[in-house]
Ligand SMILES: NC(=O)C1=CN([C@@H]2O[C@H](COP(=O)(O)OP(=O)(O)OC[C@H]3O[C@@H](n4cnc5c(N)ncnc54)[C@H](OP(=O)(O)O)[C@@H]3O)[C@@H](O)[C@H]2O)C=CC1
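Have a look below at one chain only, the form predicted alone, in structure tokens format.
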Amino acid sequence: MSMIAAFYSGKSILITGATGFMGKVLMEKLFRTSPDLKVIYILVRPKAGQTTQQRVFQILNSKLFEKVKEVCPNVHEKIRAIYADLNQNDFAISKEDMQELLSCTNIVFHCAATVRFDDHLRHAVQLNVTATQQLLLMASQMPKLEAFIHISTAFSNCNLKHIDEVIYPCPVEPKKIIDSMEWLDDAIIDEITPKLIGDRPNTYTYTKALGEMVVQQESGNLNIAIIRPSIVGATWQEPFPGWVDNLNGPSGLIIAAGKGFLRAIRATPMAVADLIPVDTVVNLTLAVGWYTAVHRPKSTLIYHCTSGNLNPCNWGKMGFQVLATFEKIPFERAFRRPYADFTTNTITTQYWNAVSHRAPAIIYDFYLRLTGRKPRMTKVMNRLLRTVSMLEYFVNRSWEWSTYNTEMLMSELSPEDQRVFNFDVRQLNWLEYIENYVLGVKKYLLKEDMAGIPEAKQHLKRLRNIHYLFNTALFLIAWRLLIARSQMARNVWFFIVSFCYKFLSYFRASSTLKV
């Protein structure tokens, strides 16, 4: 029997970020392996006209929870949705709900965060730092609390080449940053942001590092652990391969490449693509929750959930596998569904050629205007170029993460727990995983009909031909202008033409002699 599954039976668990990608998978795994747990509290705020209960209903009715309903038919009764807003003090939780949380909670999984790379520093600090501080204050008032698990990111210290399972200090204390965000205006914050984040690429990685410092400084007597996953992708095995429901990480890139809009980004093919399946992260998270509560380590342990040091896959290999999968299962026509508004690309060492992507977008928008439709391709391309610019930092570098604590935990698990809560990425077959990932994006994220593959293949072929034709025309125009202005270019051109003529003449003469 699984010790970890038995541990969570009868427990009251608080999950922040439960409506996010990882939060949903975490809930699903808990209910499926520990259907006798008492309750899962989730912090939710109404969104897009939906009440908190409607949002829960939508989550439970997704494909992800199909298996849960078989082992836990009353799952809807075990989710307690509490209205909360992490942008406000005390999360705007009512006194009654707060009292229930403080008196009943046994385990806290803090998954909530803003993952936008270009988020304004004030907002990133509020969600990734201040909210963590406030949740720790709540946790310190929970008499039944057994463990507090904080989800960070392996890139919180991406300014370093080798990263150990320790908390690295930031030059400015988190409390000073939190205080300054309360009185500085946006213009001043924009001006000082580059100086504060230093050699980190964005506000996300910077504020996640600050959040770790807050955990270290304000943990008090709590049993706390920090998990640092790298790039979180679709499910590997559970509850089924390839499930994904958002555009973060490689998913957005896969969509645009599948739609055939963009062909290349500037990347280093040999750089390690440190992708980690979301169910692997969840399995480690639940194992860490059990270990932290039962063994009560004397200090806060950090667990790296990465793949590059144990089972590396570089960007070049990943890009080729994605392309190979597209040849078998291409995507449907672009703009058929809302998700098609986000586009991306494949991997190459060539420099990004913005002209070769913007120009076709402008031409396409002109065509849409002529046919009486709303132009939007240029807007999509501008979003894409901005997104790709933010990703370049990560697809051109490799990091080394130590995994001593993660491997230690694996050795502490029974054979049954190692099977049920598997987080050993050495068993991952990358080619199979990437193919399932692409299929998952098509089926679960875009909700495309697999029966439309023949039509999609023809559409992808047409887009590819248009791309080649445009680039050829662009090259010929540029070459013609160069010949008109440069004597050296004319000489090179005449040499090439003369050489080709002589080669053809020689080939014809040889053929005549043989006859």
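All residue numbers refer to positions in the sequence shown, first residue = 1. For clarity, every value in this text was computed on a predicted model and none was experimentally measured.
One more form of this protein should be noted, the form predicted in complex with the ligand, which is absent from this view; the next part is about it.
* Asked: Do residue 413 and the ligand come within 4.5 Å of each other in the model of the complex, heavy atoms counted?
  -> Residue 413: no contact with the ligand in the model of the complex.
* Indicate whether the ligand has at least one heavy atom within 4.5 Å of a heavy atom of residue 45 in the model of the complex. => Contact with the ligand, yes.
* To do: Look up in the model of the complex whether residue 87 has a non-hydrogen atom within 4.5 angstroms of the ligand, and give yes or no.
  => Taking the distances in the model of the complex, the answer for residue 87 is yes, it comes within 4.5 Å of the ligand.
* Is residue 18 close to the ligand in the model of the complex, meaning a heavy atom pair under 4.5 Å apart or at it? -> Residue 18: yes, in contact with the ligand in the model of the complex.
* Asked: Which of 111 to 119, 283 to 291, 366 to 374, 164 to 172 has heavy atoms within 4.5 Å of the ligand in the model of the complex?
  -> Of the stretches listed, the one contacting the partner is 111 to 119.
* Asked: Considering the ligand in the model of the complex, which of 237, 216, 246, 94 comes within 4.5 Å of it through any heavy atom?
  -> It is 246.
* Quick one: of 105, 203, 230, 223, which gets a non-hydrogen atom within 4.5 angstroms of the ligand in the model of the complex? -> That would be 230.
* Any residue of 145 to 160 with a heavy atom within 4.5 Å of the ligand in the model of the complex counts; write them all down in order. => 151, 152, 153 sit within 4.5 Å of the partner.
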